[in-house]
Every structure is written in structure tokens, then in C-alpha cells.
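Given next, in C-alpha cells, is a single chain: the form predicted alone.
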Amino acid sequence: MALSTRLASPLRPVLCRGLSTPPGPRPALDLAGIFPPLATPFSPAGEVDYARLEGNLRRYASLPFRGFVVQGSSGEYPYLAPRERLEVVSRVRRALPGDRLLLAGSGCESTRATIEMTVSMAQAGADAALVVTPCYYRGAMSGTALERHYAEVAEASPIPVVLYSVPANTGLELPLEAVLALAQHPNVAGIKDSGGDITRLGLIVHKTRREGFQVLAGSAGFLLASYAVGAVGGVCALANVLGAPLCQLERLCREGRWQEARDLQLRLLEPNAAVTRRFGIPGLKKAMEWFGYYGGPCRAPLAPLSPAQEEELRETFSANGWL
């Protein structure tokens, strides 16, 4: 499918009833909705299992996701070779309906490598590039350095760029001032913010409302709060497991049914924490298997859960009524 055809496909209108921030300009790329950051399936021998990946996508097809993220933190992207990263994007694109967006993580440590990977991701079928903050030399990653990095990537990218701040993994938060400056760039569509600071998210929404800049919550743990301050959606690891409830939470928030949304959000807090900060990707993949998806092994050095950890994970889902 040609890039111009993908970007011109009909996009779902943004619904704002019940949200606190008035609508700004209509964005060129509508990111409103829930995006699972897809887990990458591996075979027992440690190879990417593309058949299992496509099988999971067939199961996800019945859920009203806005699209999918590949090569996010849940996809173990640091452990994939460049050719594997591109092949995953290509396979997912071919398996998706044309109206589902595909965001591809293209971040690398250098600006040059990020540009090259972003262009390649676009050629492989991505609709937008999710670009994580470079962090290896985090002491030198000032707001000025990061602004320059993202601006150069956005200038060179043939597809819109989504900023990605995930301080739990990188030890580096994209400074608020840099976000506000980059929001003015016409090829920067929004941000996935996984930090969980609701005041920061609200300020980003408030300060960028005239730019049509879109904020995506980076975790199911603060999804309701993010919608309350004007976020348009979420990229949530838990959506790999509990996709239907997260889409229901999105709908409740957009319809202004806050009490029902709060009740559902509370039941998602502990399972979300279990598959993110407590047990990480091994926990996420184990939980996927309980709900009919293929999780499979992680790529080393990530280790599988111990029997005690697996039991604790199961109890967390059971105690909240999901198993």
C-alpha cells in the first residue's frame, strides 16, 4: 500500500464530550484511541515467530483498537536486530486492515541512525514513527540537545513523528519545555508519555491546544486521569492482555460516564502494575497466554517468571475479577 494512500485513509473523528480541554485544530493524523504496544513472539529457539505474531493480530482484529505500536518497550526492541525490526513492521502492516494505524518505534541512540531507521520504517509500512529519547549519554541529553535531535528527525521523516518519553526505562524524561517547542513542528504529531505525572500531561495538553498536538497516556494505570485532562488515547501494555476492558474504559471516558470509568480503572490498576513495573515483559507474556494469546519466551537476558512469581501474577488477575 502506498504511503500517500495510507495517510489519506478515513480517520475516526475525535470525540470530546466530557473532556476538560476545548478542541484545537484538527490533527493531520488522528491518534485518538487505544494502541497495544505489541509483544514480539519468539520461538523456543529464540527466533522471531512471525506466524505467532500474525495469529495474535487475528485475535486482536475483533477489538476496536485505533491501531498498534510495534517496537515499543513491550516489543523487546533493544534485543532485535535492525532487519528483524523492519520485518516485524512489514509483517504487521500486511496483516492489518487499512483503517488501523501502525506506529513503529524507530528510536536509536544517534540522530543519524534514528533518521535512517525512521525512513526504513516508513518504507516498511508504518504510518507514524514513535521515537524514544536517546539516553546512553543521558548526562549530555539537555533540552537543547533533545530538541535538536527530534527536530532533525521530524524534518527528515516522511511520516509523522510521535515523541516517546519513558523515564522508567531510559532514566531520562523529555523536558516539558522541549515538548512544548517540538509541538510547534508540523511533522510532530504528539507524545506518548509514560512518566505518569498527570500535572505534566495536563500542562502539555493545555499549552499545545492550538497546535493540534496529541497526548497519549503511556500506561493503563493512569489512563482515566489522562483522559480527564485531555489526552486523546493510550499506548498501554495491558491492552495486549485486557484489550476489551481498556477500549471500554476509553468509551466511558469519552462519553463522560466518569463513575463507571473510575470503577473499571480501579480494577485495572493492580493487573497493570503486575505486567509492567512488577514483573515486566515476562509477566506480560505469561498473562497473554491465560487470555488466549501467544506470549512465549522472552529473548535473553530477560528470564521467565519463577513458579512463585507466576502464582502471584495469577492471583493479581483473579483478585480483580479477570480470571
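A quick note: this is a predicted structure, and the numbers were derived from the prediction, not measured. The numbering used is simple: start at 1 and walk along the sequence shown.
Below, we turn to the form predicted in complex with another copy of the chain, even though it does not appear here.
With a 4.5 Å cutoff on heavy atoms, Ala45 counts as touching another copy of the chain in the predicted bound form. Although the partner is absent here, Ala51 lies well away from another copy of the chain in the predicted bound form, with no heavy atom inside 4.5 Å. Taking the partner from the other structure, another copy of the chain in the predicted bound form has a heavy atom within 4.5 Å of a heavy atom of Arg267. Mapping the unseen interface onto this chain, Asn320 counts among the residues with a heavy atom inside 4.5 Å of another copy of the chain in the predicted bound form. The listed set Ala181, Ala244, Ala156, Ala145 contains one residue whose heavy atoms approach another copy of the chain in the predicted bound form to within 4.5 Å, identified as Ala145. Contact with another copy of the chain in the predicted bound form, judged by any heavy atom within 4.5 Å, is made by just one of Ile281, Met288, Ala32, Leu38: Ile281.
Contact with another copy of the chain, judged by heavy atoms within 4.5 Å in the predicted bound form, is confined among 122-130, 234-242, 192-200, 90-98 to 192-200. Residues Glu109, Ser110, Thr111, Arg112 are the ones in 98-119 with at least one heavy atom within 4.5 Å of another copy of the chain in the predicted bound form, listed in sequence order.
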